[in-house]
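To begin, one chain is listed below as structure tokens, in the form predicted on its own.
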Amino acid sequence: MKLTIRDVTKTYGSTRALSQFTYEFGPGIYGILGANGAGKSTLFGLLTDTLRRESGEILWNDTDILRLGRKYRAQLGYMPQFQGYYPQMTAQEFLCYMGELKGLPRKTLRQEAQRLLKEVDLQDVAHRRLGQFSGGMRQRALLAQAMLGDPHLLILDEPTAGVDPQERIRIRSLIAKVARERIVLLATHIVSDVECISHQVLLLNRGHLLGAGTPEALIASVQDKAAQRVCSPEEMEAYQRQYGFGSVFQRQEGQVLRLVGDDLPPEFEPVDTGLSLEEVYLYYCAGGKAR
């Protein structure tokens, strides 16, 4: 099972949303990390065949997805960033309706919906209307509909957007649970979502793939790119104006500003331990590498 993308490009007018994107995915969870406008949703639109690419290839098991057509879409589960959820429908009605749209057999659809609602811990509210759900419960229902038909490729666009920290942890755990024997692509700008469950991380910025690797390897790549210092509010503002935004921590000795980049103030102390994907994100996706 593999998904291969070769030299794919997509533009909107004079804006290049995706530029010669190339990567091969096998089973596992891939976190696609980038700011808003990085090209994540465009990539997903191409993978779900709702956008037309201008050049390049997208292959499912070595065959172009345009040639596979419906056979490819049957292998695909998609959770878009923004999706209507029909507030008057119950959770079970919603899954059955989405299953019919996917062409799943009616005779097994109710049983499939019940199984998936149990998997996302919504079995006790299966007959409650979606309009009465919390934001996290709705996201879990949307995750359940993406898994209808037991797809081999699961595409999740900002699955934890707008939910509280407790629900975010729950949804991450569910994604990790359902990822077995699947290719899961998880796009987000929430670094902790990627760091916790992704086997590989792709760094996307302005349509370009800047880097990819395990979380550990990417963190190691910025090991000598971070430095920090206790700063007054006035100093903090001046440093960030000159060197770009950094992370701010509250410590016993005061507020600490951590900057990431190739050009750092000499009075800052290098950070040897405690780095995370947040520093990777700041370096590759938020301007630290090419300010």
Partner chain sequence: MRELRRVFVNRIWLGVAAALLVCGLALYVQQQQAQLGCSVSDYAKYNNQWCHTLAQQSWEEGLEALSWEQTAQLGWAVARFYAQLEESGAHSDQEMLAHYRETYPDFDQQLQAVREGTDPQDDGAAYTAATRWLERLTYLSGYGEKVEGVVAQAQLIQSNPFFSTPGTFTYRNADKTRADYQSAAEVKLEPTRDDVLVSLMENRTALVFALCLMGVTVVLLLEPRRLGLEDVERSCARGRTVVALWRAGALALSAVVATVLFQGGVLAAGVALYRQPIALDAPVQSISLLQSWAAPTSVGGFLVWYFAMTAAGLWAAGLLLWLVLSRLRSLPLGLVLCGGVLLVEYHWFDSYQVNDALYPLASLNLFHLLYPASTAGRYLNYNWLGYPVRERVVMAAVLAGLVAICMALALLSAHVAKGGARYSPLSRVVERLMQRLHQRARPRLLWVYEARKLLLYSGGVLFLAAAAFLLWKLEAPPSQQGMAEALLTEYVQSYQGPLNQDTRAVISQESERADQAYAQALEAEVDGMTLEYYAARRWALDTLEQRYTQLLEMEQAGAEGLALVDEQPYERIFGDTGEGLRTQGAVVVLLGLCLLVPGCFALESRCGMGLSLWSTPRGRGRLWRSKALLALALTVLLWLAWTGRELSLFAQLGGRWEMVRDISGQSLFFWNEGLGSLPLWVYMAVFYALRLLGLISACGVVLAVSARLPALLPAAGVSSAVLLLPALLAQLGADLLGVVSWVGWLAGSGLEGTGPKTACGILWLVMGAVALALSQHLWRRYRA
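Treat the numbers as computed from the prediction; the structure is a model and nothing was measured. Residue numbers count along the first chain shown, from 1.
Keep in mind that the form predicted in complex with its partner chain is missing from the display, and what follows is about it.
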Q: Using a 4.5 Å heavy atom cut-off, state whether Gly149 contacts its partner chain in the model of the complex.
A: no
Q: Could you confirm whether Asp224 comes within 4.5 Å of its partner chain in the model of the complex, counting heavy atoms only?
A: no
Q) Is there a heavy atom of Thr48 no more than 4.5 Å from a heavy atom of its partner chain in the model of the complex? A) yes
Q) Quick one: is Gln88 in contact with its partner chain in the model of the complex, heavy atoms, 4.5 Å cut-off? A) yes
Q. Which listed residue (Leu209, Cys96, Val191, Val120) meets the criterion of a heavy atom within 4.5 Å of its partner chain in the model of the complex?
A. Cys96
Q. Can you pick the one in Ile183, Val178, Leu76, Val163 that has a heavy atom within 4.5 Å of its partner chain in the model of the complex?
A. Leu76
Q.
Check for me: heavy atom within 4.5 Å of its partner chain in the model of the complex, for each of Arg229, Gly274 and Ser276, yes or no.
A. no
Q. Where does its partner chain sit in the model of the complex: which of 255 to 263, 28 to 36, 64 to 72, 233 to 241, heavy atoms within 4.5 Å?
A. 64 to 72
Q) Does any residue in 154 to 180 get within 4.5 Å of its partner chain in the model of the complex, counting heavy atoms only, and if so which ones? A) none
